[in-house]
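In C-alpha cells, one chain follows: the form predicted alone.
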Amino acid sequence: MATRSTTGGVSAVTDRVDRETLHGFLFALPYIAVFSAFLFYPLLKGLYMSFFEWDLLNPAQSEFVGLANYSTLLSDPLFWQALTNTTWFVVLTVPSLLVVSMVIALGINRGIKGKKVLQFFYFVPYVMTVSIVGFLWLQLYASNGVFTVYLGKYVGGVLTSETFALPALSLVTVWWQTGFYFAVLLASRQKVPERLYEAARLDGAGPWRQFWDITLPQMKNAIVFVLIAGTVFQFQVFGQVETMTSGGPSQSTVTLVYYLYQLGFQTFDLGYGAAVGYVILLILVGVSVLNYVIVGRGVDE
C-alpha cells in the first residue's frame, strides 16, 4: 500500500510538472508564432537572398551567385563611406548621451526645486516621433534658423556642409534621446543607498571622491546598459538621415541602414541589400560583445 501511495505521489507530481510545462508552452506560443513569422523567417529568408541576384518581380528566376554579393561589398566605396559615417556618428552620440544623461540624472537627484517639471521636459523629446523631431530641427537649421543666423558666418549652412551635417544630426539625436537614458540612470542612482555617502562624508571624502568610489561603481550596470544599447541603436540610425538630409551633401550623412534602405527600396538590389544587412548584423553583434567584454567586466547578473 505504501509503495502504491509513493508511486501515486510521484505520478501526481509528474502530471503537475507536465501540466505546468504545457501551460508555459501555450502561454509562450503567441510570442513564438509572432517571433517566427516576423523575425526568424525574414532572418533566414534574408540570408538565403544574400546568395542570389534577386529578381523582385520573378523570384523563381533569381540567379544564384554564391558569395559574390559579399565580395562586391568589400570593394564598394559607398559601403565603406556609410560604415565610416556610421562609426563617426556612434562616436559622436554615445559618449555625449552618457555624459549629458548622467549630468542631468545626478543634478535632478540632488533634490532641486521643480525636479518633477524638469523630468517632464527632459523626457518629452523622447516621446516625439523622428519625423516631428526632424521637422523641428530643420527649422532651426534653415537659412533663417537660429543656427544659421548666429553661426552661419563660421560654418555656413549646417546641413549643406559636408563637415558639419553629420555632427548636426548627432546633436539632434542627443537632444531627442537623452530623456530615455536619463530616466535609466536616474532610476539607477536612486537605488544607491544614502548610507554609503554618509559614511564617505564621515571619512572626509569630497564630492568627486564620492562620485568616483560610490556613484560610478554602484551605477555600473546602468552605465553598461546605456553604452551597449546606445551603440546598437545609434548604429541603426536612419530616421534623422531620411527626414533631414537624405544622405547628403555628397553622401556625407549616408549611414549603413540608410544605404540598406536605398538598396532595398530605391535601386531594388535586394540580394546585395540582404548581404549588407547581414554584415550590419555581424558588426552589431561584434560591437556589443566587445562593448560588454571591455566595459561590462564584473557587471552583476
Partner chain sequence: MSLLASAVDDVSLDRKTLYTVGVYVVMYGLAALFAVPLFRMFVLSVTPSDQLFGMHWIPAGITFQYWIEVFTTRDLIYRWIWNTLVISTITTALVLVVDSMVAFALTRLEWPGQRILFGIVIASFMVPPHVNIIPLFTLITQVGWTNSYWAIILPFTATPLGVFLLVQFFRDIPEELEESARMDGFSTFRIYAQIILPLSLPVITALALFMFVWSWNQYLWPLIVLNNDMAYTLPVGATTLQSVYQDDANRLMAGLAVISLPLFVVFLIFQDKLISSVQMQAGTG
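We call the rigid core whatever largest set of C-alpha positions still superposes within 1.5 Å between the two forms. Quantities reported herein were computed from a predicted structural model and do not represent experimental measurements. Numbering follows the first chain given and starts at 1.
The same protein also has a form predicted in complex with its partner chain, omitted here; what follows describes it.
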Partner contact check in the predicted bound form: of 162-170, 67-75, 98-106, 81-89, the stretch with a heavy atom within 4.5 Å of its partner chain is 98-106
inquiry  = Please tell me whether the candidate spot formed by Tyr154, Gly230 and Asn291 is one where all three residues come within 4.5 Å of its partner chain in the predicted bound form (heavy atoms).
reply    = no
**Request:** Could you confirm whether Pro217 comes within 4.5 Å of its partner chain in the predicted bound form, counting heavy atoms only?
**Result:** no
Practice task
Answer for Glu20 alone: is it within 4.5 Å of its partner chain in the predicted bound form, judged on heavy atom distances?
Solution key: yes
Query raised in the report: Does any heavy atom of Ala183 come within 4.5 Å of a heavy atom of its partner chain in the predicted bound form?
Result: yes
message: When the contact criterion is heavy atoms within 4.5 Å, does Leu260 count as touching its partner chain in the predicted bound form?
response: yes
Near its partner chain in the predicted bound form, with a heavy atom at 4.5 Å or closer, the residues from 27-45 are Phe27, Ala28, Pro30, Tyr31, Ile32, Val34, Phe35, Ala37, Phe38, Leu39, Tyr41, Pro42, Leu43, Lys45
*For Leu44, is the C-alpha shift between this form and the one not shown 2 Å or more after core superposition?*
no
Does Leu26 shift between this form and the one not shown by 2 angstroms or more at the C-alpha, the core having been superposed? yes
Large Cα shift (2 Å or above) at Leu281 between this form and the one not shown, core-fitted = no
